[in-house]
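What follows is a single chain, given as structure tokens, in the form predicted alone.
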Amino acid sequence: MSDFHTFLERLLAQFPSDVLIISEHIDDPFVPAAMALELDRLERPPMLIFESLCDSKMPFVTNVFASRDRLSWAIGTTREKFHDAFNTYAHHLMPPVVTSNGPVADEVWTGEALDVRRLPAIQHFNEDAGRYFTAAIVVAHDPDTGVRNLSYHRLQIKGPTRLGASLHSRGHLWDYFLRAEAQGRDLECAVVLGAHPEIMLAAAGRMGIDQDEYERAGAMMGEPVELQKCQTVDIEVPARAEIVLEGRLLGNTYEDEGPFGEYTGYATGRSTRNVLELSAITRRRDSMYVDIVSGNSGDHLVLGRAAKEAYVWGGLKALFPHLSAINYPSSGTHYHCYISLRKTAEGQVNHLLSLLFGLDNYIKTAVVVDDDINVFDESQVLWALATRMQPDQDLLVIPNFMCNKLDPSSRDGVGSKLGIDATTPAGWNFERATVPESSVRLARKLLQDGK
């Protein structure tokens, strides 16, 4: 069966240079984030494994999702086909199966042994309020229907059994929590720390509130996800996960949480201020601790935007079959989007932009270009802006639109949208200056040989 261990074994066998193992002891907890951010700057995205970090008794793994190519390979596709493949899996869901003998419960910590501070969570940035679980997939059941939900939430360590949580106030888990609280009860949940990347990717995707992310993960894995019951709560978790925290989100209990370095690149104390009280911790005997570098690192941004791009791509492609490509550039965190299109009618771009803003309220600025522009090359997008757009004709501004509350420039979750039409207008009669492709190939060879 597939798990994080088998994924790592396959990766090392096929792409050994895609994993950087740091075998020397590192006593500085900020080094993983510092290394990941430096690798982003160098445009090198290997996964990082620290064999001895601070006082950790288990390998510390991070930067797993910094590479779009690695993420695509993990689900059996290529970067160019990722969006269509990810959406196809949503139409071929595979229900999980329940077992009772998975390695996730090799060790069970309860009673005096229950102390979450024993796990090697780190503080990533100077401004963080403390040590955080950043790759925390929270699993919970809808209080009325029982449907499972998987979603990511930052969790601050506050004591041996107490975590501060921020639940994304427009997400499914927040809705679950409010309904449970209204019924006068806590919300049982489990936190998965480390699983096969296909499960981790499924947890980052968008599905209906009546759908189970384990089913999409099974479709991607090509086999049902094996689940097993937790020890102290009525929740199912991957039987081959690395570590699981069991507990309850406490109703009518709120405490300050944060600040925390978020995907915007800013530290923020904005939070739903929830409290998660733990009742047990289980782990594999050979467990690895899986982390996501927070802030605006590639690890954080790629995981979040890959699934979101696929969702938006599917929604747009249904109405605009001549859509060519979509890219959420790292420079815009989750707030910028570049789209290429073979335009077939005037007015089509504004129609597309209106739908885009409706599909993803995080987007603040969107640029639409012709299909001769590579949206993964930001210099080409800016060249199209410079030569094919006139501000008095090609801007669409929408005020008072719901946006993400973590946008530091928003007004408590309300902002505006800017759509830019950088496609060629009707009657365009200019041609790009080009050189023969054979000459390009020869030039590249000469430059390579001259190194």
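Don't overthink the numbering: it's just position in the shown sequence, from 1. Predicted model, so just to flag it, every value in this text is computed and none were measured.
There is also a form predicted together with a small molecule; it is not shown, and the following applies to it.
*Asks:* Evaluate residue 213 for contact with the small molecule in the predicted complex, applying a 4.5 angstroms cut-off between non-hydrogen atoms, and reply yes or no.
*Replies:* Yes, residue 213 lies within 4.5 Å of the small molecule in the predicted complex.
*Asks:* Would residue 103 show up as a contact with the small molecule in the predicted complex if we use heavy atoms at 4.5 Å?
*Replies:* Because no heavy atom of residue 103 falls inside 4.5 Å of the small molecule in the predicted complex, the answer is no.
*Asks:* Is residue 119 close enough to the small molecule in the predicted complex to count, meaning some heavy atom within 4.5 Å?
*Replies:* Heavy-atom contact with the small molecule at 4.5 Å: absent for residue 119.
*Asks:* I'd like to know if residue 327 sits close to the small molecule in the predicted complex, meaning any non-hydrogen atom pair within 4.5 angstroms.
*Replies:* Contact with the small molecule, no.
*Asks:* Between 366, 187, 193, 292, only one gets a heavy atom within 4.5 angstroms of the small molecule in the predicted complex; which residue is that?
*Replies:* Of the listed residues, the single hit is 292.
*Asks:* Could you spot which one of 197, 298, 205, 261 gets a heavy atom to within 4.5 Å of the small molecule in the predicted complex?
*Replies:* Looking at 197, 298, 205, 261 one by one, just 205 meets the 4.5 Å heavy-atom criterion.
*Asks:* Any idea which of 340-348, 146-154, 275-283, 80-88 reaches within 4.5 Å of the small molecule in the predicted complex, heavy atoms considered?
*Replies:* Of the options, only 146-154 has residues within 4.5 Å of the partner.
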